[in-house]
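Take a look at this single chain in structure tokens; it is the form predicted on its own.
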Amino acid sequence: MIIACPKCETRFHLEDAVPRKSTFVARCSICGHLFSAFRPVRVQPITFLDLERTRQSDVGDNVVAIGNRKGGVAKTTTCLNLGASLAICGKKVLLVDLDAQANLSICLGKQALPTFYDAYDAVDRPLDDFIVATAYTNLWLLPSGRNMVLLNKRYFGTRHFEFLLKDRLATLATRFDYILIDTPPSIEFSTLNALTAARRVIIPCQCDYLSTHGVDQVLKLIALVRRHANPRIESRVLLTMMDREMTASQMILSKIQNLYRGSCFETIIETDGQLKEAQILSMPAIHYCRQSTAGLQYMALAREVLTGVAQEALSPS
């Protein structure tokens, strides 16, 4: 391994086994500066159930990833409320929490449970064993937790790492009508796995001046995934946190709709005090108040998703 003094930039070669801890303090023999150094984590091979089948098979039409490089755009809120709305429509829905912050799992009161990382380690057990029922009919969760960061540290960069989630989700193909994946606000192991496994991507975009930058970054990443791993992936932008009483919001809404013309959902999610109250109580808006503005709008989004999938199924190939 190679470490470098941040003060004089002198580089030193050390045997990997010399430092006993992953983080250690080193003293530069040239300038005497003390600094923290890190032992590199070696990527590990991945055990697939059937890699060749996974690479060659089409992604399921029922797998939807929800993501944006920018935080605070209602990504987790959309995953939870869209999932709950689809469940009310009679669809069996699995929510997959791939974000190590585990906000989706916390919202459903399912923290400190085995995660997808644990499921990967237990190759001899079906993924079904790690799925938990929620308090809502037709809605299940594959929880997240702190150990999810280990997937990125251990396997990011391993050959074919982006197919791991798709490989495991294939075992659930007939159990759920929809699988919604909540992704972290970064480009790393979990995000790339979600995009490789998904047929569709919903990109929440806050009605905010800087939000389009996050959308553009996701679209570039989707284009890359389309070329190399998932040629069928499609995406649409969902406008969120819209305040119709603010002129600035109206202007930004018009700008975003023009910028992504033909690629936006008709449904727009507005700011709603009852949605915030529902979040405090860890509930989907539609279950907190049947007539809440956001709850009704997420129901409209669910119907739009269902209609779009049905129309695609009927269209000639």
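Remember, it's a predicted structure, so these values are computed and weren't measured experimentally. Residue positions are given as counts along the sequence shown, with the first one as 1.
One more form of this protein, predicted in complex with a small molecule, exists but is not displayed; see below.
In short, of 27 to 35, 65 to 73, 257 to 265, 244 to 252 it is 65 to 73 that has heavy atoms within 4.5 Å of the small molecule in the predicted complex.
If you check the small molecule in the predicted complex, you find a heavy atom from every one of Q101, Q279 and A294 within 4.5 Å.
Scanning T77, S235, N230, S211 against the small molecule in the predicted complex with a 4.5 Å heavy atom cut-off leaves one residue, T77. The small molecule in the predicted complex comes within 4.5 Å of no heavy atom belonging to P114.
Contact check for L275: a non-hydrogen atom falls within 4.5 Å of the small molecule in the predicted complex.
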